[in-house]
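This document starts with one chain, in the form predicted alone, laid out as structure tokens.
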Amino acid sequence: MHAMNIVPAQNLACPIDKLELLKEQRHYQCANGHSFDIAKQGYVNLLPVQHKKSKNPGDSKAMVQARTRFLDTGFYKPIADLLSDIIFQQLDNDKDNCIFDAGCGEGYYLQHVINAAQAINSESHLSFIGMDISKPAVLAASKRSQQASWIVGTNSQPPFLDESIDLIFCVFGFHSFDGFKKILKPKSRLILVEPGEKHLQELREIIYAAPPGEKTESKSNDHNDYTLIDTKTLEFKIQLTNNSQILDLLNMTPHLYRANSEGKTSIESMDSLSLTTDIMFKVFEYNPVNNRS
């Protein structure tokens, strides 16, 4: 036995006509002649203009830079560690697998999962895909690892071949249960990492006049074709020790746009902040109705 063989993804599909994309020297092309250039950084943009809701969708360059700085401090490493453990517990590591990070941001979590894979003894093949709708995010992610296929694309219409993904994970992202259905294999896994009710409550109390609860999208856990098979929670404290760390955290979250001006002023003068990190991991099995016995 030796470490897993990490190989390039072979299941990219044309976002226009869903045909298989074949890699040429510096571009991907489908049988109908649609061509997508591979950027010099190694990623490919599979987000056609008709799938965009705005000119520059997703996180801005400033948000991506703030998130990169914050995550690189290691504050959220316990989240990445538990995520990696859950992923490889759910997979048959003696089979070939394709893992898809849906909403990969600047690539921190997928890089962590790739590192964890290299410690597993198996002769199987493993491919990794990281995709985000934000071009600045994918550009940053492509600098983290050359072992993943980095894609600009949308979770509502993911540009992959039908039934070609073994596991999808989505960390604090906008998942699409419907968008994922076609690309997941039957009995494959979807892992959602979401904020719990106490997540960053100390920050929220400062920046909002009346702190809203964290929005947890799937309280009912009732999604056609998906069965919730496991839930884990992770809670720990982090201590931010300078104003730059505090501002980076604020700038990388949606709270930046929802905060009131008084709250933002308070944050801008703070030099330390103790925070609660409260995370939920939900593991779903994808079981399409027409495949159930």
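Numbering starts at 1 and runs along the sequence shown. This is a predicted model, so every value here is computed, not measured.
The form predicted together with a small molecule is left out here; the points below concern that form.
Contact with the small molecule in the predicted complex, judged as any non-hydrogen atom within 4.5 angstroms, is confined among 23-31, 225-233, 259-267, 57-65 to 57-65. The partner is absent here; in the predicted complex, the one residue of N155, S188, S149, Q111 having a heavy atom within 4.5 Å of the small molecule is N155. Comment: the small molecule is not present in this chain, but in the predicted complex one of L91, I183, A117, V171 has a heavy atom within 4.5 Å of it, namely V171.
Not displayed here, the small molecule is kept clear of A140 by more than 4.5 Å at the level of heavy atoms in the predicted complex. Taking non-hydrogen atoms only, S127 never approaches the small molecule to within 4.5 angstroms in the predicted complex.
Heavy atoms of P159 never reach within 4.5 Å of the small molecule in the predicted complex, leaving it off the interface.
Proximity of S122 to the small molecule in the predicted complex: non-hydrogen atoms within 4.5 Å are absent; the residue sits far from the partner.
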